[in-house]
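Only one chain is included here, represented as structure tokens and corresponding to the form predicted alone.
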């Protein structure tokens, strides 16, 4: 039986008078992998930032387990709420002035890093390197390791394959799939990469005009008669 983890109802968010999210409704279930797709500027990243507490929303509500509306949390409880999330940012967002070891310990100070390095298929010697000396593919692995180290309840992946060639992108997809399955983490992935959607997401939500235009099992996307979704997949705007 699917257990509801996050419930979003009538969520609205605007910037400088432009409505980005318009009474959007979405449910996220525990231990499932959800992909959020849509055109550039459709509000995908805005939605995840509202979910993890990085952005305040204008109206509607987001409930999380027993938290009725995260917008009503005070600062202390909001900070505690945000620790439930591990985030892999689009550009990995590593600190250039810190070594890889220091970057990882920024997420979790007292831990054995050997295991997480094995999980992301990297050698221990990389701990003394600096991000600028590493390829974007390796930086993404480090970013993923840092997100997992926090033992998050929710893992948010923002365009995990952007900037990677097809071979490295495929490696990252398979790595994420393995880690998500192993740790049974509820995962939300913002992506344009339909290969990753089909590979490791259980469900997909398609955003169009600030609302969820289509939601269903990822394996059923190609059966959909939702014209905006089919046009998106085929690159027709």
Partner chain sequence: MNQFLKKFINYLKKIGDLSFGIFCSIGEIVLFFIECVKYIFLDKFYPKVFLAQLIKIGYNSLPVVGLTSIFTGMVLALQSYTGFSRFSAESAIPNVVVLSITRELAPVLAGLMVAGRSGAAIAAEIGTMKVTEQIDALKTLSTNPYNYLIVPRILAGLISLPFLVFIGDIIGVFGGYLICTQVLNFNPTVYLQNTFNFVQFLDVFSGLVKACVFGFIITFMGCYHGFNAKGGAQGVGMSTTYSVVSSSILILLTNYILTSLFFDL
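Numbering follows the first chain given and starts at 1. Being a predicted model, the structure only gives us computed values, none of them experimental.
We do not show the form predicted in complex with its partner chain, though everything after this point is about it.
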### Task
Given its partner chain in the predicted bound form, answer whether the residues 49, 83 and 87 all have a heavy atom inside 4.5 Å of it.
yes
### Query
Among 134, 122, 164, 107, which has at least one heavy atom within 4.5 Å of its partner chain in the predicted bound form?
107
#### Entry: Any non-hydrogen atom of residue 130 within 4.5 angstroms of its partner chain in the predicted bound form
no
### Query
Taking heavy atoms only, is residue 155 within 4.5 angstroms of its partner chain in the predicted bound form?
no
### Message
Test of understanding: in the predicted bound form, would residue 146 fall inside 4.5 Å of its partner chain by heavy atoms?
### Response
yes
#### Entry: Non-hydrogen atom contact residue 112 with its partner chain in the predicted bound form at 4.5 angstroms
no
